[in-house]
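What follows is one chain in structure tokens, specifically the form predicted alone.
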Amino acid sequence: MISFVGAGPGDVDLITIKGRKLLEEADIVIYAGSLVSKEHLNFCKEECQFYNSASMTLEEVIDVMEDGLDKGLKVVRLHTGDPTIYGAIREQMDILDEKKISYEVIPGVSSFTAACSAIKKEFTLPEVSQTVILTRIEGRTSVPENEDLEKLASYGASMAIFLSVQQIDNVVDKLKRGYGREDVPIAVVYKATWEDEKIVIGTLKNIGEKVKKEGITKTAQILVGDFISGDYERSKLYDPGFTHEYRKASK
């Protein structure tokens, strides 16, 4: 069986216990070398074979998987963050389905939740936002027209923007038009949970200048929305005047 494993956002201890165990047992590990911390490989067996997929094509990745299985070896496909978000795993799984090769997907901590934890905030605040939009701006690859960043921003939901910091000015322009204001709080988190993590916080008015000053051009999450600062309502979950299945309201 092929195991697709989420390595987490950076800190090697943020992989799941199940994911770490699979790494320890693996005979072959195909890892996303441009983003996955190589420290994960230290947990593998000495005789484990490593393949850096950064320099491989889809077909080459599948060939390594298939060859490993033919030899009765355990194969781990190690992705950064959570493999189901911008992981390009569907195309791999479809080919495995065609070849009738079984596989499993082990979730991981995504960089968007790691980034929110890094700034010590909560995406979903009562009467502020109960929706989180995960997206990216168009670049060398497009996005569907109805998912343009300006349109998504018009909903006023909390947003986590992947793979876009290199276009920070374009991102800010679209967000300003979508939100209809420039005082919206925004945070840029470079390499969340890594040792060289950087956090830049501002508003749509000044974040571009701040990010450029820090020299951040890749490997960063852009978080935007009023969840970052401002007022919010107290949660009903722990409100003494609110009754639910496990607690009656105080009189």
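Here the structure is a predicted model, which means the values were calculated and not measured. All residue numbers refer to positions in the sequence shown, first residue = 1.
Keep in mind the form predicted in complex with a small molecule is missing from the figure; the text below concerns it.
Shown here without its partner, the chain carries K176, Y179 and G225, none of which come within 4.5 Å of the small molecule in the model of the complex through any heavy atom. Note that among 148 to 156, 78 to 86, 121 to 129, 99 to 107, the stretch whose heavy atoms approach the small molecule to within 4.5 Å in the model of the complex is 78 to 86. Put simply, of I201, C48, L35, V64 only one has a heavy atom within 4.5 Å of the small molecule in the model of the complex, and it is L35. With a 4.5 Å cutoff on heavy atoms, I133 does not count as touching the small molecule in the model of the complex; it lies far away. The closest heavy atom approach of T219 to the small molecule in the model of the complex falls within 4.5 Å. Using a 4.5 angstroms limit between non-hydrogen atoms, S111 touches the small molecule in the model of the complex. Though the partner is left out of this view, I95 does not reach within 4.5 Å of the small molecule in the model of the complex, counting heavy atoms only.
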